[in-house]
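Quick setup: one chain, the form predicted alone, written in structure tokens, and binding and motion questions come after.
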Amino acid sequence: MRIICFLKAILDPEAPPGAIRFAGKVESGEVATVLGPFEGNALELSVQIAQASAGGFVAVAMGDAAQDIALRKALALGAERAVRVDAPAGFQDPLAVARRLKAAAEEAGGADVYVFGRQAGDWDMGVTAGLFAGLMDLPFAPLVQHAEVVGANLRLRREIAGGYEESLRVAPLVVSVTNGPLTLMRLPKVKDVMLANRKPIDVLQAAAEPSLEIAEIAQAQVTRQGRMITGDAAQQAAGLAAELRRFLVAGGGN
């Protein structure tokens, strides 16, 4: 099987509090860029499918040179080619992203399986994979936790409300991958990391797409109000009842 795995590098979610600031725009200072967590799951599943089907996979990311860290991770894990769709850093409208990724997939020659992470670890919109599937006119299987190659098809295990679903899917198709014990990304060998750092990354200049823009972003200001009810158990119960009555009279129960 031929696989195209779509990746995204994001600002390190483990950065200390206050390292990323929001004052009309995102200010990140010296925060490192890392492969997104669900993209790591997508990369692991791509490796598994490629190995089980004796196929190969291409890694694609969209953004500026900061995305190269994600692509080199894929090269270290066996990607036969890495492609970066050149675009400015920062927020990108998911539909515009899906259109540009479609152009990149077509330039790469298409695939039997298109693999996404379930959602980006920064903006958390979780819609790009579905939009891509619609643009490609392909079936879409979200929240995949495991894939087994069955001939030219895939048996997928998906996370659903209250449990799991297993189904046999006919390629070509689009999947988004969620976290789980079977999609925990393996660590590349040091030798493969060093080799990946020397491999080329193809940069694709995709046509600009109409896109929504974020006019302003700000961090929510959280305030807490409360008071301590003291006394013995009876006094605390009476005080709590009085607070509840006051809350209801003030309209808090509507």
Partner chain sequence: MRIAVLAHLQDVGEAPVREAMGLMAQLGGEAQTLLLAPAAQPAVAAMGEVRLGVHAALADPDPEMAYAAALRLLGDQAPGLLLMPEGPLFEMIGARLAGHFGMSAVRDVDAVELAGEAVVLRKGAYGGKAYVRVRATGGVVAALRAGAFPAAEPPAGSAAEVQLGELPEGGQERKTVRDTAGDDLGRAKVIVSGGRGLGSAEGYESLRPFARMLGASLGASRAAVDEGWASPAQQVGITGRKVAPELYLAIGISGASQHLSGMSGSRLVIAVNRDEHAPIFEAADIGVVADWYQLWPHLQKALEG
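From a predicted model like this one, the values you see are computed outputs, not experimental measurements. Whichever C-alpha set is largest while still superposing within 1.5 Å between the two forms counts as the rigid core. Positions refer to the first chain, counted from 1.
Separately, the form predicted in complex with the partner chain exists; it is not shown, and the next lines address it.
Interface residue remark: residue 215 is counted as part of the site for the partner chain in the predicted bound form, having a heavy atom within 4.5 Å. Although the partner is absent here, residue 211 lies within 4.5 Å of the partner chain in the predicted bound form, judged by heavy atoms. When contacts are judged by a 4.5 Å heavy atom cut-off, residue 204 does not count as touching the partner chain in the predicted bound form. Though the partner is left out of this view, residue 67 does not reach within 4.5 Å of the partner chain in the predicted bound form, counting heavy atoms only. For the options 148, 107, 159, 80, the residue carrying a heavy atom within 4.5 angstroms of the partner chain in the predicted bound form is 159. Residues are counted as partner-facing when one of their heavy atoms sits within 4.5 Å of the partner chain in the predicted bound form; in 149 to 186 these are 155, 158, 159, 160, 161, 162, 163, 164, 165, 166, 167, 168, 169, 170, 179, 180, 181, 184, in sequence order. Superposition of the core reveals a Cα shift of less than 2 Å for residue 193 between this form and the one not shown.
Once both forms are fitted on their rigid core, the CA atom of residue 66 lies less than 2 Å apart between this form and the one not shown. Here residue 54 does not count as shifted, since its C-alpha moves by less than 2 Å between this form and the one not shown after the core is aligned.
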